[in-house]
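As a starting point, one isolated chain is supplied in structure tokens, in the form predicted alone.
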Amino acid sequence: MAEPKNKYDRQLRIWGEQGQAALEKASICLLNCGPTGSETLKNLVLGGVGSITVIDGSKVEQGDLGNNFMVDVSCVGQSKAKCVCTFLQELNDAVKAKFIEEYPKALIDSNPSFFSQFTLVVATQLAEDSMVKLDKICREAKVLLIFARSYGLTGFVRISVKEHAVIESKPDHFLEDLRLNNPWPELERFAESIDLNVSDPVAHKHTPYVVILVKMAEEWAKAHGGALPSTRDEKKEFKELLKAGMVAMDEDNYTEATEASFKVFAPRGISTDLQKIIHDGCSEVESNSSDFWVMVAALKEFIANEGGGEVPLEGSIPDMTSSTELYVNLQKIYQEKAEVDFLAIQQRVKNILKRIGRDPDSISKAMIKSFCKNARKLKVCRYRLLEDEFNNPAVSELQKYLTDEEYGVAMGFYILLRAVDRFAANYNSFPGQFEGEMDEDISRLKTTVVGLLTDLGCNGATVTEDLISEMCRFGASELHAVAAFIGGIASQEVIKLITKQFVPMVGTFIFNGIDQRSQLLAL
């Protein structure tokens, strides 16, 4: 294992051995290996994904040499899938790579069951009708799916799965779980055993701020009918009490207590986001429920019983000014509480599994531990069926985006990326693809856009003529710089889905290369 750990050292620091193991087990299917698809897969191959299958029926042409860095002059006239697959294999010989010389559209139409063998499908440069068909196929087979497309100076990325649950969401900023506003008995007793008015100046300046805040919050609550500071004036008064407890100017522990006092003011109990999850219909589990929802059901029971309205304690504490003895004892109290909570959740998981007719030990201890540690940060992402988005759009959202100064261009590109497929279906070419037809194509695309907007229920809405002209000027080209950017975004989302870490995008990601902006449309 030494060589792989060195090889993937940087990414192991981000998603850990469990995330890397998930990547190494994953099988990825790429549809179309032009610049966008090749760049997406390159990032995944370098990251150590288990296996790749490249699907493309085209041959390498002279024009491919200028935008696809995974083919060279010797490849001209050969299978594009074979050439790209060979190049990608050279990047990481630990990845199993194979190719199939077939056009994705034909494969989607003729052999839908083919896709069920994969963990995830990356579908690039597909027309709208093929996207809709593939979406249904992958959902039925429970295969993860990501669409990506670059088109001139624009492009999009969209995830399509029925549901994606994330345990390790890893938010950038999250309040530490110290329970300063709701201490359990062992923490209360530990705090009570320490005298804040100790005469020894060394001991006074090495009392952990957690103890200071627990004791001060308890004193405040006793004097205010059990309530903690809530108004601006009360919070200010509480901070002044903390400052008054200092006996010397260099007492960092009291400074830390003052700076962390907002943790006392935080509301008790669970967040509204977590409330939605535990009250989701899926938390009423049955035999075919996922492990995630079984653990959510156990969490719901725990909160109502042992937890007293709280989730399992995470069990870690930050660094703070403290004597070694007090810090170690405090750390032990948090760890022991976390272990007790974990055992309670584990038992409830076992009971639920037994109740629904499954093996009580089918969910690993490591998985339940991770769930307990991250219980406050759980996320559930759900995605509309592509056909629903296209045929039953949220008209109010579309109209809002079209008229919004901030999102107008991104929404314009979203409409145009759909309109060019209609254009191609009607005229057997993309707008601006052939020289000498630019003016006519601009007029045709404008008519196509008006028709699309009418079908979407946005009568009278428009896309600016400048954008329409730009779209024709793009001529369906795949520019390497744009393809590399879109491929980077797509591969990033693939890793989120496979490792089940971090929160994937919900909505359609639009890149606006004209203004160098990226925006997410929730449609």
Partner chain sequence: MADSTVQQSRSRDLDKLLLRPGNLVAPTFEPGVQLRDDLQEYARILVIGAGGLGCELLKDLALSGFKNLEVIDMDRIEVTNLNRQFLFRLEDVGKPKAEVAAKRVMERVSGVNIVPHFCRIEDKDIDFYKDFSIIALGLDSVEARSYINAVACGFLEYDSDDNPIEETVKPMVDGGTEGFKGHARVIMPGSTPCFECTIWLFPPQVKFPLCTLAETPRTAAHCIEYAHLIKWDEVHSGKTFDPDDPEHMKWVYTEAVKRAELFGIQGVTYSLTQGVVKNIIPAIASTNAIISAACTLETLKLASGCSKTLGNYLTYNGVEGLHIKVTEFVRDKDCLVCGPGVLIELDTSVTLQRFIDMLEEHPKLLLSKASVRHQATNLYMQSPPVLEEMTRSNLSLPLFELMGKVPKDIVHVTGTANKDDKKTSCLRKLRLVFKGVDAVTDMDMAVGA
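Positions refer to the first chain, counted from 1. Just so we're clear, the structure is a prediction, and the values are computed from it rather than from any experiment.
Below: the form predicted in complex with the partner chain, not depicted.
The shortest heavy atom separation between Gln62 and the partner chain in the predicted complex is within 4.5 Å. Mapping the unseen interface onto this chain, Gln11 counts among the residues with a heavy atom inside 4.5 Å of the partner chain in the predicted complex.
Interface membership of Phe87, defined by any non-hydrogen atom within 4.5 Å of the partner chain in the predicted complex, is confirmed. With a 4.5 Å cutoff on heavy atoms, Pro504 counts as touching the partner chain in the predicted complex. Three-residue candidate spot Thr124, Glu140 and Tyr427; no residue lies within 4.5 angstroms of the partner chain in the predicted complex by any non-hydrogen atom. Of the candidate stretches 346 to 354, 274 to 282, 315 to 323, 223 to 231, only 315 to 323 has residues with heavy atoms within 4.5 Å of the partner chain in the predicted complex.
Contact with the partner chain in the predicted complex, defined as a heavy atom within 4.5 Å, holds for exactly one of Leu456, Ile498, Ala484, Ala461, namely Ala484. Heavy atoms closer than or equal to 4.5 Å to the partner chain in the predicted complex belong, across 229 to 267, to no residue whatsoever.
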